[in-house]
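What follows are structure tokens for two forms of the same protein chain, given separately as structure 1 and structure 2.
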Structure 1
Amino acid sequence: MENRLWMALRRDTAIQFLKGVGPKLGDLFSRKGLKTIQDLLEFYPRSYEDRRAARQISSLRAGDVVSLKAQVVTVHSVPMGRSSRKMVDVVVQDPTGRIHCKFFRVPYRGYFERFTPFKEVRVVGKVLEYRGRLEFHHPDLRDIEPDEEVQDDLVPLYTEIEGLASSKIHKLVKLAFAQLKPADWGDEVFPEWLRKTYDVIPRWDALKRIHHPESDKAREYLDMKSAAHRRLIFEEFFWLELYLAARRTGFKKEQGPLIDPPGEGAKRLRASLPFQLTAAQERAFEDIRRDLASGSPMHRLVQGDVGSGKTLVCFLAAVTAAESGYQSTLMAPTEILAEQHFKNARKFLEPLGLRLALLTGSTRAAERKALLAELAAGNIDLLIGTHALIEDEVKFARLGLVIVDEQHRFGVEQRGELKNKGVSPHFLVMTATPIPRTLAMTVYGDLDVSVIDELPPGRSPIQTRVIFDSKKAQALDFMMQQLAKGRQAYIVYPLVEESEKIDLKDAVSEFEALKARFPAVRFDLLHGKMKPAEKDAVMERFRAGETQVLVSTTVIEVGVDVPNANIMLIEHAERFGLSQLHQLRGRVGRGEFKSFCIMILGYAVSEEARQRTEFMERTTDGFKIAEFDLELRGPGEFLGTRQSGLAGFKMANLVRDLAILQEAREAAFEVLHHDPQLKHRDHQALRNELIHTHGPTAVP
């Protein structure tokens, strides 16, 4: 419609009312989740193009970020290794030479259709060197636009929306700014003192500059380090940190069960152990004991590398709670692990008089009913289980302590579910995934942290070797030598069943082949599709030493503890992430025997996979591995997609922006320190925002 009524724009105005947009284009945006003017302005440029960096192919050097005009020569789809994945290779040329543009994922369907031979294109990206040759990986590849010559030196690049070009998006953004006044935008949320102290510019300025970059500051924009970037990144972190800081402040105000017994239980447990607790275990327990006796509920994370002995630390806590007449519960991520904890509890806690029970998804109905009645009557001191513990019917008489084991894949909000079963019970999270500092500040930013930074004495570091599939026979020989000495072994596979598409040996067929090849060896098989009772029986036989070699998928990834097993072969190690390899490897090296991990690579392995596994060869330090893993994969992958509060960042990057995260955290704690309930006039906007995103209970 030509004669649309002029209307004042505000940040919540729908995009389609922007002059020059209309319903059709509005629809396109809205399908991408961009509905309002605010959404549009917060659709930040992915990068910038420095037109002054225009170059010819012959003059390129590795590491340069460049822009060049070229002509398409060919577009090929190339299979990657033996997997079903494909890489798209676009070759372009200019009068001075040729270069390959490689795409390991396709931006969207139909993306490559317009890049036909002879087409003039612009390529913007970072030049890489791979096997002695220069190339681009995922460059910005697009049509040369007619008005390109008249534009500025520094141009924002937006992710294309269903073929809507970056330049078109930029035009619409400019239009929006032309029709908006700062006053239509709403108030600045940060008080002036905060902006001064933490050196952040007003939001409106930041938004404007992010879309209209200053070309004399090209370097800063290209590095995402301009003042505008700083403000927007700071703000994203700040909201998360304010929420976490408020939670923490809130926890401290609550009343928790007072658990402060003489400590006879813990003393007797210590005395019954065949070994001494390490100093680090004692320190972690001391932190916990102090929390339990403090009057307000504990919210503590115990971080300890694989094999550092976290289980005993939580048993000490449970026995202390029982001594004060409180019930405890321990939740594990898998049935195998819950079973294992239950067995250990029987061994260590039952002799001290604790009444134990196990509840999992495969607990029979009648048994479950009886168990729940006992629990509600207060006749169970420690209930161990899986997710089944969260169900509504599970009711405690006097729940004092909730322990969640190996639960690194849960978000801030999900963690609370089990906690709601008692009146503000004490809450303890145990994790063996060493968490890089940035993530600890975000995911666990509301918890106190104890670190078990010491392994029990007598453990020698696991020796790790990366080999190619062709050397596997030698690896098996070596395994046989260990078996001959009475040890046990794991062989781990990435998949359960043979898939026609992906040519990988799988656990089931390899298990058969191994049995045929080594008839004198006792093999057993464990995988995720087996019934819980079957899995349990397999684990029991392995634990008892009846089985010599356990052929398994990743179901043994976390927690499984069989100290006599000292060698692990990991097939197709290139398919696993670093943290996963670290967890898997942690199944050996748990006893007095020298331990070995052999990572076997398939034939067609990417450079990156080689790097990853070779890194594992060099280090056993879980923290270093985690940092490297985070760098390689980014936080979403590292933690799994369920991580709340992390997926939401539009601009902030946990690896790149660590320093800003730290400052935003400081700022959030400073605000709450001076004004715990956000009552001050200057903090109203902060208060409103917190309530708006997390509900009224978010303010302490």
Structure 2
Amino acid sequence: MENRLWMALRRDTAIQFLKGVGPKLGDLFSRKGLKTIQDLLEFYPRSYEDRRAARQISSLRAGDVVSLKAQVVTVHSVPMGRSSRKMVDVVVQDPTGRIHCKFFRVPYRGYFERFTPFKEVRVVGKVLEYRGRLEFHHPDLRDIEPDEEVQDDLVPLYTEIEGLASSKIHKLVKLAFAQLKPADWGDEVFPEWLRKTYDVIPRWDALKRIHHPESDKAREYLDMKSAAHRRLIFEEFFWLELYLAARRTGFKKEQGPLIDPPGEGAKRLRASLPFQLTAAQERAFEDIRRDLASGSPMHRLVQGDVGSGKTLVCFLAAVTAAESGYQSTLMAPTEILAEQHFKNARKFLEPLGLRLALLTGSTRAAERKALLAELAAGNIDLLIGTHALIEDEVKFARLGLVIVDEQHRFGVEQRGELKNKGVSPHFLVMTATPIPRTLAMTVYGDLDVSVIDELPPGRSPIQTRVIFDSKKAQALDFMMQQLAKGRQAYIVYPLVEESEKIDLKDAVSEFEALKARFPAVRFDLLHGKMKPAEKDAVMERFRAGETQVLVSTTVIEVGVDVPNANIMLIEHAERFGLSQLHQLRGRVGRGEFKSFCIMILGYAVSEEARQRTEFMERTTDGFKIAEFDLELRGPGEFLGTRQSGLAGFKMANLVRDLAILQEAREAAFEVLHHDPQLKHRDHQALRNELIHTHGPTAVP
């Protein structure tokens, strides 16, 4: 019976039936999301080890990626600062010398217990120079295996699964291939014309080669540029782009609200402003106005730097919609930002006769009931709010325009629920997180993109300095000088309250310490754990100038607008992403006064953290910062993997593989241009895969 199961292996066979696995190991794989033979074969090597280039310690140079055999000398842990965190230092030696292997986090529980003195180990990693000494940081460190002497080859390396060694995973993969035939895998989904045009090999070949690398092409494999890598990267991008292109094609077929009035409201709004719109704002609004009048629903992303005037462009769109008798809604990720938008809307739009309302989780029951009745009756032109907008009882009479702010903070489902409250309404999303234009057009394939790439005149540049904690007293003295001139300040911390696990300063403790140190200064505290009414009161005091210094967490990252605040201190700046730092810095420089941002680095800062913060000193251009951030950390955080489809990538990398991404986008649009509904015989496999992944509505 066991032999029959072994011989009848298919890609959907449960992994436990692979010879050498069994129920216990099968359960371990399953807990890591590997349930079938297909899952195992799509558990790609994360890198490769060229054992033909094995080295000795005395010959190592900084920057080398090497494999060497060595013997453990000592294993000891070193405390890191005031926290309970520790760095583990494993010293190894060979006949030519010694080298330190440092680990700043534990790969998994019990990882270091097997590395006892005199143990023979293999070390694979990149040689670094740190404080004048060569060492490894987080190398692959594992036992020497009995058959290693004959493995003088290019060896795939897999991420270990709770102690299951890379070599064991490789043996299981080889067993699976020995029992599978191409026919067991299923038909090739890419038609031949597509493979030839875009130079991609068949999928079965790619799978075999990715796990059985060709040693004469070691450099290609190590750089993730082999033919196998190209095929698998291309297909990951292709499925995302085909889905987005299909959505876009579907949108164009819908009938959207026709919003094409003479534009008197927009003219009146422009005339009421104490300044002129920038050329970039005018271009973005012209894009929007053209979409509104097209007869198809708009799906547009407006991206612009902090303070570039995106909201005003959206207000122009809402005025235009109101003139045609349509309602608009604007959803923001936080109550503070929703209230900020509502305040600005009252300032700019109420004088034009627009009827406005604000709906958040804090709206009282009686007020909420009356508001919803007015909304359903069509007596509200623009409803601004938070997630509360997507609740079932929120019903519009004639919703024509949906605006979503900081769209990367919402998932597809939340945006979709809001859009479904109208009949194919126009959809406008905006973000202050700049994304390189090429990348935005590629990743947001279902959205047209408008970029507001200039700031309004009169915005003063922000001077940025990076200092270490040892110079914090001087930074506080400088802050006091600005307060004496009548200005206000922010001090931002990464934590709300003190943590035993992380050695970082926190807002609550530091707030008390600052009050004690500067008794004459009026401090206030703001963080995410406070009740909405408390937050509102704190912000209102700061806006009114009653508070001189606002001690806060990143709750002020987006939307807070206090023109008199001209100095920002960010504690533990190394803990924040570049886009976060840029957003925080954008809270100052909003008035006529020269503004300053001081980024304070904490204890034991990595070289990468120093590079990131020093880059912030050199530029205030959000697009340059976004490109640098993308190169350093990849796209996940600032593009929002929840809504972009990026979370599912097993091999593709948006920075490294941008050229392949653009080819995959071109291929997807080429397929749908010639066969919009994927009805052609050559495209049936593409259609089936798209429906299998995204449901029957994915095909237009």
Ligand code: ADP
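Owing to the predicted nature of the structure, the values given are computational and were not obtained by experimental measurement. Basically, rigid core = biggest C-alpha set you can superpose within 1.5 Å across the two forms. Please note that residue numbering is based on structure 1, beginning with 1 at the start of its sequence.
A.B. asks: Can you spot the form predicted together with the named molecule among structures 1 and 2?
C.D. replies: The chain shown first - structure 1 - is the form that fits the description.
A.B. asks: Superposed on the rigid core, does the Cα of Ala520 end up 2 angstroms or more away between structure 1 and structure 2?
C.D. replies: Shift at Ala520: 2 Å or more after core fit.
A.B. asks: Fitting the rigid core first, would the Cα of Tyr326 be found 2 Å or more away between structure 1 and structure 2?
C.D. replies: No, the C-alpha position differs by under 2 Å between structure 1 and structure 2.
A.B. asks: Once you line up the core, how about Ile625: does its CA shift reach 2 Å between structure 1 and structure 2?
C.D. replies: No, Ile625 moves less than 2 Å.
A.B. asks: How much does the C-alpha of Glu534 move between structure 1 and structure 2, in Å, when the core is lined up?
C.D. replies: Taking the core as reference, the C-alpha of Glu534 is shifted 3.2 Å.
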